[in-house]
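There is one chain below, alone, in structure tokens, taken in the form predicted on its own.
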Amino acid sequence: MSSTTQPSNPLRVLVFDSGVGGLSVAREIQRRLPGLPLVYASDNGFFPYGTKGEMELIARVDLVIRRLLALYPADILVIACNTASTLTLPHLRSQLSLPIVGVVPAIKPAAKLSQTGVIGLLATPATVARPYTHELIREYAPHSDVISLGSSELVEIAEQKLRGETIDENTIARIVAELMQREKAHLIDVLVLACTHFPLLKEELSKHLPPKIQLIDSGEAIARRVDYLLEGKLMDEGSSLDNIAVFTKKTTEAERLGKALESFAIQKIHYLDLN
């Protein structure tokens, strides 16, 4: 299946995540390509992905993406979720003809940036444990010490922040302290935020980290890749396509995201009926 959008029509990108973390990626795409219409899709009906089985996730993502592209034809698909990217990209690329951009932990640029050779990696427990992550470290940071910490709590806190709820700063401080108590952690000068939710908490994380530590993520690299894949095509000024957020389940939590979505220039919210 491929996009039905014709070259003469306005271009559009579909950004997909299990929750709202992918909004950090959407923001970087908007900064680089402010005229590009965007559909942000959250599979909140199946959130969180990190607790699901591999085959179950592949089938679920396939189902949701097919329905989304049928309703919202797009020129580029961005899988703005580390778990979904590492598990479903080969399948999706074998089934779809449109360009697909995935997310990988920013270990390669971190290794280049680090002056001490000690890198921090903050991700979900599933991403920390996944062989794909270990392969990235072996390939791109073979001479670095990578100190990893998995946290599911930060995912929930990022979701709470976007809903305008009071977040637990003490939990953030505890998680940062746990990372910094690891052997050689005092030498960390670059910290990879390897979950798309975590850049939404940059300010809160920085409060508890030594000022020398630089935080990096994959958002800017993804935006550059989307720009490259568009091959310099100009976006139509005054495009008739709106920025839309789509959720797979209508919940109170999703409805509370209205103000946050407006800050990403998304005014319309749709709900996807998968039944």
Ligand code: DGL
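Start at 1 and count along the sequence shown; that's the residue number. This structure is a prediction, so every number in the text was calculated from the model and none was measured.
Omitted from view is the form predicted in complex with D-glutamic acid, to which the following refers.
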Worksheet item: Does every residue of P109, L121 and D217 put a non-hydrogen atom within 4.5 angstroms of D-glutamic acid in the predicted bound form?
Response: no
Practice prompt. Check whether T88 has any heavy atom within 4.5 Å of a heavy atom of D-glutamic acid in the predicted bound form, and answer yes or no.
Written response: no
Item to complete: Examine F247 and determine whether its closest non-hydrogen atom to D-glutamic acid in the predicted bound form is within 4.5 angstroms.
Response: no
Practice prompt. Consider T133 of the chain shown here, and say whether it contacts D-glutamic acid in the predicted bound form, taking contact as heavy atoms within 4.5 Å.
Written response: no
Worksheet item: Do G50 and D-glutamic acid come within 4.5 Å of each other in the predicted bound form, heavy atoms counted?
Response: yes
Fill in: Segment that reaches D-glutamic acid in the predicted bound form - one of 195-203, 91-99, 133-141, 160-168, heavy atoms within 4.5 Å
195-203
Practice prompt. Enumerate the residues of 83-109 that have a non-hydrogen atom within 4.5 Å of D-glutamic acid in the predicted bound form, in sequence order, or give none.
Written response: T83
